[in-house]
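Only one chain is included here, represented as structure tokens and corresponding to the form predicted on its own.
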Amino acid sequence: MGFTTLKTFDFRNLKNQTIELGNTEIFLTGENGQGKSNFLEAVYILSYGSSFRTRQDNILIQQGAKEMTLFGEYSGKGEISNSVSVNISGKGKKIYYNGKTVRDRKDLIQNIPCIIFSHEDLSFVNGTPERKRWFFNQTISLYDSGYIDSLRKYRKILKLRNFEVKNKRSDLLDVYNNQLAVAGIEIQKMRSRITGEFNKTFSPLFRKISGLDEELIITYLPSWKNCENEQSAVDKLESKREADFFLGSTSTGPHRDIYKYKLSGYDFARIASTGQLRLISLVLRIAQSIFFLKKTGRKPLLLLDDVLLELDNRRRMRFLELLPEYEQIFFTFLPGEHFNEYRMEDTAVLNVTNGVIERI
């Protein structure tokens, strides 16, 4: 079923209101800058406890207000209704699920899986190595909370090791090398295995939507190349000790891993057109949704923020045909778009004007 009710209080430009949802497909239409993306952001925040647009929680509070609150009621197929709320103020962030405090945001992932399609997804293809790693970290974390623990452990040890090398101290370096190797090899093995599995979903999808004859393959290039166990990773770290002292940071490990998109052996992201890059980013999200469904048997919420605008009609129809099963889906449209062509049996259309959301 998805979200049945969403309430906003001093969030972004949205007016304080209660929005009745209850439909499987939700279309939001309105001019740019009226609040359509803010509404999708609200759904995402209720799903994960954080925004997909910013890490600065304070800018989510409406100008002139001291705090903001989002509240939603949500239910899956055959499930009873659940509630989730997020409050942000000068005192920090508070998250509640069914009235109980959520101590760790990773717990929300298990309750309301949500996948956003947005313009920023282009950075998963032609952005920094960090952004590419972020996408695959999220893909794994959606169904494996243990992977989140592994990432957190690795980052904590990495921070400690970086402090040592920055200050050119060797006292605890052997200890941190061993700890980093254990956590890092676990992450590397998971990324390697999942990349192969993910390609089985991603590559055929991209070929079908793009119309290209060759298959686009995602290639994972670990920083610890040829390191199959913890000891080989320790040896790698030790071999870079002097270089790390010079740089003041750890130069090898999963935090330096690289992903590439290869077509016929070439780095396709370097030669692809802007339209092809955008298409890759869209297919990544479709594949991520299907991958999650295969791994968990659960349907995610899908949020599509103006992503159809940049596709020609042929690719747009192929894209819509290949969308995975979902619990609930949200689209944003400009007023001039022919969104009625995509309306389904259970579609609600909401107009967004100056932060006010009303059913049409």
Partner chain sequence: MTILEQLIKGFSRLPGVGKKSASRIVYFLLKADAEYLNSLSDLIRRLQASVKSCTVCGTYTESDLCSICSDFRRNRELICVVEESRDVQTIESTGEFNGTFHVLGGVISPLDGVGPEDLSIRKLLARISDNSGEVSVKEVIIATNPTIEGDTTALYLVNLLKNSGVLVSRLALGLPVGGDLEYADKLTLSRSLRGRTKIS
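Here the structure is a predicted model, which is why all the values come from computation and not from measurement. Numbering follows the first chain given and starts at 1.
Same protein, other form: the form predicted in complex with the partner chain, not shown, and the subject of what follows.
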Original post:
Within 4.5 Å of the partner chain in the model of the complex, heavy atoms considered, which of Arg193, Lys159, Lys94, Arg131?
Top reply: Lys159
Original post:
Considering the partner chain in the model of the complex, which of Glu79, Asp213, Glu242, Asp171 comes within 4.5 Å of it through any heavy atom?
Top reply: Asp171
Original post:
Does Glu164 make contact with the partner chain in the model of the complex, using a 4.5 Å heavy atom cut-off?
Top reply: yes
**OP:** Give a yes or no for Gln179: in the model of the complex, does one of its heavy atoms lie within 4.5 Å of a heavy atom belonging to the partner chain?
**Re:** yes
Original post:
Any chance Asp149 has a heavy atom within 4.5 Å of the partner chain in the model of the complex?
Top reply: yes
**OP:** Find out whether any non-hydrogen atom of Lys153 is located within 4.5 angstroms of the partner chain in the model of the complex, and reply yes or no.
**Re:** yes
Original post:
Tell me which of 284-292, 119-127, 141-149, 203-211 has residues with heavy atoms within 4.5 angstroms of the partner chain in the model of the complex?
Top reply: 141-149
